[in-house]
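Just one chain follows, in the form predicted on its own, and it is written as structure tokens.
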Amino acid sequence: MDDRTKTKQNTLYVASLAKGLRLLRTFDETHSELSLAELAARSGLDKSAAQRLANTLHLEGMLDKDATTRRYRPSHAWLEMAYAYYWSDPLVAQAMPKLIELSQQIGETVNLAELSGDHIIYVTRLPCKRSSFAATVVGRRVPALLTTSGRAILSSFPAEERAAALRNWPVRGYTPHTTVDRGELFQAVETALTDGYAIAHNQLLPNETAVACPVLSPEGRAFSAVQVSVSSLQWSEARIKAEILPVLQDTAHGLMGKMKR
């Protein structure tokens, strides 16, 4: 029995609410405004159900609707929910001064990432001058195995959990150099375990090098990581290890034990 079947057999499970949430999850960076037909197609709901749910979510203030095109998009209520999340996550508040200090020291992009299932999600992003808009927006989810943050976090897991993740967690190519071979990913995670950090080139963007250190709990397990992204045209790996890695490690160590889990 899979997790979805178990969930639906739970007597407290509200199927109509779940369908509404499924509709909300159809929106992303490439689908920011959707017609009723597109909502139905992307959610897998029939058009009648999608129409009722979309109308309810619109009346409840969760979706805006263009009066002319009749297309839906997320409302400001989503920002209110994000605001509430930030107050519920003590790591974000405690990490911010240290992340700002790190950003000012190195003058490069600094991210705080947390594990979200088999993905990482960026919960804090401090961009540099060369950052694109996409690199400044919090909430982006990326398959964990493709990121240095995910590999650094996974390296803190027990061996059996690491092996299961490397077998089952999703991979996909973002650049011609994205590592999708699971044998190579295994080696990358094992190297992160030995070194105490993960470093990789051209995984999500061309000419980008990322380095991440796990934020460990007192028990030695991580659910978050501090990550720095730099231009590989300006930074060699040797220079990263000499100038960025020591202060990155200090920042991650300073946050040890502050995660909410």
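Model, not experiment: these values are computed from the prediction. Between two forms, the rigid core is defined as the largest C-alpha subset superposing within 1.5 Å. One rule holds for the numbers: they count along the sequence shown, beginning at 1.
As for the form predicted in complex with the DNA, it is not shown, yet the points below apply to it.
47 is the sole member of 201, 221, 47, 31 with a non-hydrogen atom within 4.5 Å of the DNA in the model of the complex. Checking 21, 247, 14, 242 against the DNA in the model of the complex, a heavy atom within 4.5 Å turns up for just one residue: 14. At least one heavy atom of residue 37 is located within 4.5 Å of the DNA in the model of the complex. Contact check for residue 51: a heavy atom falls within 4.5 Å of the DNA in the model of the complex. Contact check for residue 65: a non-hydrogen atom falls within 4.5 Å of the DNA in the model of the complex. Contact annotation: the DNA lies within 4.5 Å of heavy atoms from the stretch 39 to 47 in the model of the complex, the single such stretch among 206 to 214, 190 to 198, 231 to 239, 39 to 47. With the core held fixed, the Cα of residue 219 is displaced between this form and the one not shown by less than 2 Å. Remark: with the core as the superposition reference, the CA shift of residue 247 between this form and the one not shown stays below 2 Å. Superposed on the core, the two forms differ at residue 50: its CA moves 2 Å or more between this form and the one not shown.
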